[in-house]
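To begin, one chain is listed below as structure tokens, in the form predicted alone.
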Amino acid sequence: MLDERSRQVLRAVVQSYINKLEPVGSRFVTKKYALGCSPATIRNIMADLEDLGFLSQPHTSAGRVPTDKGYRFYVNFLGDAGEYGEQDAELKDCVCRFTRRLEGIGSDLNGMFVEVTNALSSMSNYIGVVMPPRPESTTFNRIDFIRYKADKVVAVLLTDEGVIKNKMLSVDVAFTQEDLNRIAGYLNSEYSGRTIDEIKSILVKKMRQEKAAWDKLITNAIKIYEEATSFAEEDFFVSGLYDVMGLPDFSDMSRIREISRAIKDKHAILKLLEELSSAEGVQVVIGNENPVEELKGQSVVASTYKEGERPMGVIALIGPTRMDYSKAIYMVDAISKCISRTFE
């Protein structure tokens, strides 16, 4: 536990380092912040904070810089004090104008998510990421099957949320187009309005029952539906790799290569976003807290967007640990809420 004066000094050092990317000295803190302490007192407090692991000193004669633990204290303080909403008027106006534009293109999911990643990266200079809704979590609207060849069928799936998926299926029965229309008609009449995950659970139960008791149409419908809704892992939308390259934090190109590898190997980032998707509110993962090896030197600010109470996907910013957390949290929170309103 830190006393109030130590907390004030730590907040001052973290905020100063975020603003200017230079080790922060006691004299600077004394001049910049009215803490009512002499430089010697501030220096002693900073030394104590270093001993406690909140700050580090790059060189003996240099000032201090925050550690991951120091950034974590700072982020927790922002949340406790509700300060991330206290942004300058220009940013608030920019976010407000963007969310109004976003609500006008809500029917085009891909277009909306491209807009979101571009806006996140351009307003923050960090990497904007959106994980779209998993098809399995969306609400089934209808499915159509088109006979392509004797052993090939094209399935076109439409959800209430506007997710459209098509897939080429291999079938071991020579369906006519009339057969396929009957199968699609059965599925559409029986299961429209349920989530795809719910439908799969229902079909599994039906498959466990005595197959002889089922009509041939239903048996074929279950089999073809299972294959039609088995999707590969989804991609995510990403923008802003060139934006972060302009930050002084990334003057070392090896850090850019690490982020590039993480984006290319999408499974690691998808796994992280999937873990964050079940959490409420804005989540912040800082430096070594990150389970993705290539992102351990970065921070992630993420929030889930929903349809009602049902989580649909995640938006996030990826940037240096010296991230402007207050600004990033405000942007991610406001835009995720706008996407949720669009889904509703």
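For clarity, a rigid core is taken as the largest C-alpha set superposing within 1.5 Å between two forms. Sequential numbering from 1, following the sequence displayed. Just so it is clear, the structure is predicted and the values come from calculations on it, not from any experiment.
Omitted here: the form predicted together with a further copy of the same chain. The next part is about that form.
- By the 4.5 Å heavy atom rule, the three marked residues R11, Y17 and A40 all fail to count as contacting a further copy of the same chain in the predicted bound form.
- Contact with a further copy of the same chain in the predicted bound form, defined as any heavy atom within 4.5 Å, is confined among 164-172, 86-94, 270-278, 191-199 to 164-172.
- When a further copy of the same chain is considered in the predicted bound form, N76 lies well away from it, no heavy atom lying within 4.5 Å.
- Heavy atoms of T99 never reach within 4.5 Å of a further copy of the same chain in the predicted bound form, leaving it off the interface.
- Mapping the unseen interface onto this chain, D243 counts among the residues with a heavy atom inside 4.5 Å of a further copy of the same chain in the predicted bound form.
- Although the partner is absent here, K205 lies well away from a further copy of the same chain in the predicted bound form, with no heavy atom inside 4.5 Å.
- Residues of 183-202 placing a heavy atom within 4.5 Å of a further copy of the same chain in the predicted bound form: none.
- Superposition on the rigid core between the shown form and the other one places the CA atom of A119 less than 2 Å from its counterpart.
- Once you line up the core between the shown form and the other one, the Cα of K92 stays within less than 2 Å of where it was.
- The two forms, fitted on the rigid core, differ between the shown form and the other one by less than 2 Å at the CA of V129.
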